[in-house]
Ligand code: A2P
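In the form predicted alone, a lone chain appears below as structure tokens.
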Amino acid sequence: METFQQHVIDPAICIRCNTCEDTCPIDAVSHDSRNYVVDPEICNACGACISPCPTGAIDNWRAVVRDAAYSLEEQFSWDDLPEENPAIADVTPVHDAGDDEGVTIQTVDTARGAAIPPRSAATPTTNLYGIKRPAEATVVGNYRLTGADTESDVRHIVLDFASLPFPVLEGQSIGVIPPGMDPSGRPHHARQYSIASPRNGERPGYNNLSLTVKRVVAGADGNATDGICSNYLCDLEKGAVVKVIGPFGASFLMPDEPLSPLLMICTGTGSAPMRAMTERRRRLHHPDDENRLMLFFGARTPEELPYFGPLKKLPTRFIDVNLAFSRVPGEPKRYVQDALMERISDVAQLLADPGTHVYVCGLRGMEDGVISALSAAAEAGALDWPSLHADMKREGRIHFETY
């Protein structure tokens, strides 16, 4: 009887962020409308998906008989992981074989960003609240950020936790559990949202945080569809109670060195962590913190760019803001990578600084253009981009969070 440790994903704590499927180098991970699953016929236990997972849902293993491995159909039906079989539960996990003679642990690095936080980042709290014991927060603010006459309805939502501990850092995220049931009659799973406020709250001294939420009215195929959680959040009124899990995230964190240069690149609601980091630095009021923050922010039009007004009011000596709009009538399409290229010498100076940290957040389609622009900037500064990129990843100085 051949036994092995089957790689499975815990549906009770998975927040369906797609990180595991994106990271898997051999396409062993897939999903349906409910669960993420691992194909035992493909998975080679390489471990590439383990560290990027924000919740730890991916790092689960069940001892099984090889010929009776859990099928994809079984995994898709789970609401919780099955219990261990005590008769074979002591089988050594393939991915954690340690120093056993003759065992080779394969590691695959396909990510463009670091899997570790900056060296000086504060220690994050993660997974404090889960699906079975969520935190409850009260809505104390819900404000529309985009123009009332635009198609894009983006909201700034403030949640208050009162006396309930919910410590967060800039760059972390939470999961929101929408009420109701899905078509199969099971509770909706949680949706992930980046935190848009600094660690001491949207309102300093209060136990609160903010989110940047876009109302989803169309799917990836362009067909009309109502995003279950985004519409729930966007329609909330003051006083409503929301179930929250998390916090999540242990790598997309800002350095705690107050003078570290930050190069921030984002689109749409990907601005949430950038707002949190910028506000954190603004509140620190360091007298020498000038010309150390550079932001590239893209949207279709100024009216559809979240936080457009507040951004324009920040002094240029504090943050160098570069906006790119792709749908302004009568003007050529311009994306964040175009704005980066227009400031190539300044970007090159930042990349040459060993203290610079780079953050990229937004639509996945931006990644190729951003990487190309950073590579061009490095070349313009007589830097070897492949070596620099590898160094920045190893040092936790370049992070991507795309969707």
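Numbers follow the displayed sequence, beginning with 1. This is a predicted model, so every value here is computed, not measured.
The following text describes the form predicted together with the named molecule, which does not appear among the structures shown.
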Exactly one stretch in 176 to 184, 203 to 211, 311 to 319, 296 to 304 has heavy atoms within 4.5 Å of the named molecule in the predicted complex; which is it? 296 to 304
The named molecule is absent from this chain, but in the predicted complex, do G268, Y335 and L363 each have a non-hydrogen atom within 4.5 Å of it? yes
Of the residues S326, T126, Q192, T150, which one places a heavy atom within 4.5 Å of the named molecule in the predicted complex? S326
If we check the named molecule in the predicted complex, which of the residues in 30 to 48 reach within 4.5 angstroms of it by a non-hydrogen atom? none
